[in-house]
Ligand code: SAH
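Quick setup: one chain, the form predicted on its own, written in structure tokens, and binding and motion questions come after.
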């Protein structure tokens, strides 16, 4: 099936269902079969693996996953599309269609996430499924291209961000491909990228414990908005917005000096340095 035929079929199905693509739900349907096959090839799914798909849409990707995986859990929040998918895969022995918000659900165990994910919830998806310690799934996902730049090149000031730092503390980016907007219907107003990610082979021990992991995520969220400030100033602002730490300005200076922490601008710091500093702060305040 070529792209034009795929676009025609997509429009016909949506019209028949009475579905107008919902921008707030990130409903941009993938219509290029070449990209579907690229995703499947990158996923390297074995017959023993379980795959999670978030935002199954009209089931184009689900159809390909069905051929490869032992089990596919396909989540679709739209009730009309869910019913369409239930009918489409009614005789499938390895696809389970679930009408629920994947961000608020008790997700079954899975080995990989393969999805054209709703772009509006990329950040929460990464946080829920990938920043949870060890045994995170491999991911093959279509995301905003600007976001893919933030997780792939932290050396540029523009790309240094909360999501980029946090991602690189937990995950490795294996492959990245930019995708034309014309591969989707309706055509989105943003550039997109296909990424393949996997959990770090050796996760920093500080990030393995839930309470410490939560502290780290809050720490990065608290200092990266002030990336152009010195570390001491960004730390003051973070603590000001987190009263539970209850550190005075003099205590902050003491903490920095006693631990010989470099007071350079935040965006100059390396990931490992930020993790180590966060661990010192956790110990200092607990």
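Numbering follows the first chain given and starts at 1. Please read all numbers here as calculations on a predicted model, not as lab measurements.
Although it is not shown, the form predicted together with this ligand is what the next lines describe.
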| said: Please determine whether residue 101 contacts this ligand in the model of the complex, using a 4.5 Å cut-off between heavy atoms. | reply: yes
| residue 118: touches this ligand in the model of the complex, heavy atom cutoff 4.5 angstroms | yes
| query | Could you tell me if residue 77 has a non-hydrogen atom within 4.5 Å of this ligand in the model of the complex? | reply | yes
| query | Should residue 234 be classed as touching this ligand in the model of the complex when contacts are defined as heavy atoms within 4.5 Å? | reply | no
| task | Choose one stretch from 63-71, 242-250, 221-229, 47-55: the one whose residues place a heavy atom within 4.5 angstroms of this ligand in the model of the complex. | result | 47-55
| task | Report the residue, out of 143, 81, 97, 171, that has at least one non-hydrogen atom within 4.5 angstroms of this ligand in the model of the complex. | result | 81
| task | At a 4.5 angstroms cut-off on non-hydrogen atoms, which residues of 13-29 are near this ligand in the model of the complex? List them in order. | result | 25, 26, 27, 28, 29
